[in-house]
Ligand code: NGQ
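We begin with a single chain expressed as structure tokens, specifically the form predicted on its own.
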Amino acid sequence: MATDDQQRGQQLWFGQAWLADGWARDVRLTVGDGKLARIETGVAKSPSDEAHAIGLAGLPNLHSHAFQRGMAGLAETRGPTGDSFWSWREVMYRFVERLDPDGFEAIAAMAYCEMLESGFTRVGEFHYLHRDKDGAPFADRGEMAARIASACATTGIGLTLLPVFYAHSGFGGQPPKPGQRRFIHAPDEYAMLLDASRRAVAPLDDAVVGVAPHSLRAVTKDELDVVTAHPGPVHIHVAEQIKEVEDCVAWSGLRPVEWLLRHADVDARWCLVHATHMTKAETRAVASAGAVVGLCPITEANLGDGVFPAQWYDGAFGIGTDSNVLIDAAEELRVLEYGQRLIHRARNVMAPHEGASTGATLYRAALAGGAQALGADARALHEGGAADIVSLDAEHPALTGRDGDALLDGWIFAARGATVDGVWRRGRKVVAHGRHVARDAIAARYRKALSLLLS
């Protein structure tokens, strides 16, 4: 929570900042009650201002499974047959079997700490670990949601909680498998879970609760209708892997995105996570529906999912860290563009026209699409908007001699290390000099939890 001084009128001054109408110089941001109460441009720095060189709006991370941060790197040993998402999933199931609420919270806090340090200021937590180790419900159905909320309170990151409905192991309502026992709910249980989740996040500033039918593999048509009737953003995994597409066609005669568009009221509430394997017609239909595509390029590369067909898509998109194998906002954007370059053997593929900055194009799109998907105010810095701010270190070699959009190109494509200098969430400074203010304590708790889990 912000201090009284921060709530009343903290002043931040930037040599240049990216505002709703573009880059401006000599910018003072006055923060009040967690929002940008006033923005002044062309003003001299005053003694009461906290001064920084470069200011941006913080990015939304629209798709995270926080607990998977704890298994990062554990699935990088080749198995006896061809490795894929499906073999990775078995490693994940074994990891989940040992995870208790304390370990879950410690891992989530570490993930959120790293997200803030890389420039994310809000997370969409696609949360499906609801039950105890034996599959029984916790006494408080919101136990694990409360642990997410506690990790957010510890780190300061904004939260859009997306409790997952998961009922089946495959298309057509196949019974769940033992490794999925901690995820499973019936529709009436899910309604109770949502109520408990809303109570769990109520103490947080500006938390949002949506719904997340896990995938078309995990829900029936009737269950999908029930789940998506609840208010808030709707997120769903779809068309991530080729096998998923083939299984959907075998079951229904339709591809996953095709089936979803035909059988659900997909609109601007929806975020289609991954959507890696779409036809040209499907990409156009998703864009026309106003939905957001949630891209997680680092995870999609790590799992061997494939590359999103960006050349056909002209709709909204955002980025997420998904499995949290490596948490880095700039690298998510870089891998998104580089995947397109490798496929098309061209450069600056995502830039829309001659003279357009690729880095700025990606950043603006991820900001707008992520805000829409998470039900949050995360546009460029503007009066009345959330005081979710990122500062870049102008002394970083990758930013030397650059201004405006070229700063974003330098950060996304040429930087490594602590390019992000500071981060404010609702005006509270949570990252200073490239490190989260509570990193040492968070990391110590994480190391203890992982030592117990992996011993």
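Numbers follow the displayed sequence, beginning with 1. Since the model is a prediction, treat every value here as computed from it, not as a measurement.
There is also a form predicted in complex with the ligand; it is not shown, and the following applies to it.
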| task | Decide whether residue 335 counts as a contact residue for the ligand in the model of the complex under a heavy atom distance cut-off of 4.5 Å. | result | no
| task | Answer yes if any heavy atom of residue 282 is within 4.5 Å of a heavy atom of the ligand in the model of the complex; otherwise answer no. | result | no
| request: Would you check, heavy atoms only and a 4.5 Å threshold, whether residue 85 touches the ligand in the model of the complex? | output: yes
| message | Considering non-hydrogen atoms and a 4.5 Å limit, does the ligand approach residue 105 in the model of the complex? | response | no
| the ligand in the model of the complex reached by all of 52, 117 and 429, non-hydrogen atom within 4.5 Å | no
| request: Determine which one of 212 to 220, 355 to 363, 308 to 316, 134 to 142 lies within 4.5 Å of the ligand in the model of the complex, judging by heavy atom distances; exactly one does. | output: 212 to 220
| message | Exactly one residue in 166, 171, 190, 270 has a non-hydrogen atom within 4.5 Å of the ligand in the model of the complex; which is it? | response | 166
| Taking the ligand in the model of the complex as the reference, which of 89, 344, 177, 98 has a non-hydrogen atom within 4.5 Å? | 89
| remark: Those residues of 289 to 313 with a non-hydrogen atom no more than 4.5 Å from the ligand in the model of the complex are 299, 303
